[in-house]
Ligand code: DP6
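What follows is a single chain, given as structure tokens, in the form predicted alone.
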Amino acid sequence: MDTQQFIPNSLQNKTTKTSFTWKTPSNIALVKYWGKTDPQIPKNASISFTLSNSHTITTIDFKSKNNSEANHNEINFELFFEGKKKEDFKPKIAKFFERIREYCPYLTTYTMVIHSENSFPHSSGIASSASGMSAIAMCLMSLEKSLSSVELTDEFIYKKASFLARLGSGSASRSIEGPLVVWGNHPAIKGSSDVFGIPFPYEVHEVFKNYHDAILLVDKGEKQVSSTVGHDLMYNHPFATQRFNQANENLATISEILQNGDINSFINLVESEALSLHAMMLTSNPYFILMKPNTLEIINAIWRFRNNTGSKVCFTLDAGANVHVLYPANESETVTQFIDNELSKFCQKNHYICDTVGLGAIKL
């Protein structure tokens, strides 16, 4: 793991005041990772669709510290989420900044004011930490680019941003680029790494391009068990080794599926992965359930619809109660009608988000 490449040694340019804004998406894993070692190294590789409409917009205002200001070794920042100061979010961001201090020495040179907002409800099973941490990482890389006396390539910027974002949230490593991103070293994926995500390196079959994801918001509230706690419970899990092996085998399989267009095998693997993730929660100690009764209502309705119509619609789940309904672009009209007629009643206030596969971070 060569992380020395991410320690800058040519930050000779100066700026006293600057600001950057990035819009970065969430992502939905097709093969899940659940379990990691420090610092944010996954126990198995994963692959995700990068989303488009489910995103975070973050602005960071940087102002250089003057000589009279306090300890220049401290990292000083204020955080505003959707217009309000969020002290309860600060410890996680502070821990992230401490983890990346070695790779971003300019963090102690500036005071930062961070303004962030989501296009979707926070902590409801859409990966807000993925989009949030990746947005911060992209803002930091914009600053680094402006300070660097050597030209930083886009490839390096995206790679380092993914590396940094991972140290805040593992899944954030998959939110820098798109439309499919692999995170975790895997023999079937050329160039894959445990320390940053890479775009899926092979040609994807036409059927999996412009894929749709309707996110059914079964529960918009805070999860009763955080993903961080869930990952930690894999340390002594009785089925951990089998699960890590299963996920890595599934990644090799889905790599072939994405190239050959076998959509029936895609459906089977993606739904199995979703249920395996939640099976790990059910069988951990202490055990917990993030699915709600309406999650199961939706799953059963999708199975009935697929059996009755021959549709290629399927579902996946993240670490929460919400259901991601995945379907090819040519079924958009019929699946949307199905959601309106049969599935939306299981959502809070009939609320769902229509999303599509996207291309990653965008500078605003």
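These numbers come from a predicted model, not from an experiment. Note that residue numbering begins at 1 and tracks the sequence as displayed.
As for the form predicted together with the named molecule, it is not shown, yet the points below apply to it.
Between the options T59, S52, S311, Q40, the residue in contact with the named molecule in the predicted bound form by a heavy atom within 4.5 angstroms is Q40.
For the options T228, Q224, Q242, N260, the residue carrying a heavy atom within 4.5 angstroms of the named molecule in the predicted bound form is T228. Although the partner is absent from this view, G184 stays clear of the named molecule in the predicted bound form, with no non-hydrogen atom inside 4.5 angstroms. Although the partner is absent here, K65 is not a contact residue: none of its heavy atoms lies within 4.5 angstroms of the named molecule in the predicted bound form. Contact between L277 and the named molecule in the predicted bound form is found at the 4.5 Å heavy atom cutoff. The named molecule in the predicted bound form is not approached by P179, whose heavy atoms all lie more than 4.5 angstroms from it. Of the residues in 299-318, only D318 comes within 4.5 Å of the named molecule in the predicted bound form through at least one heavy atom.
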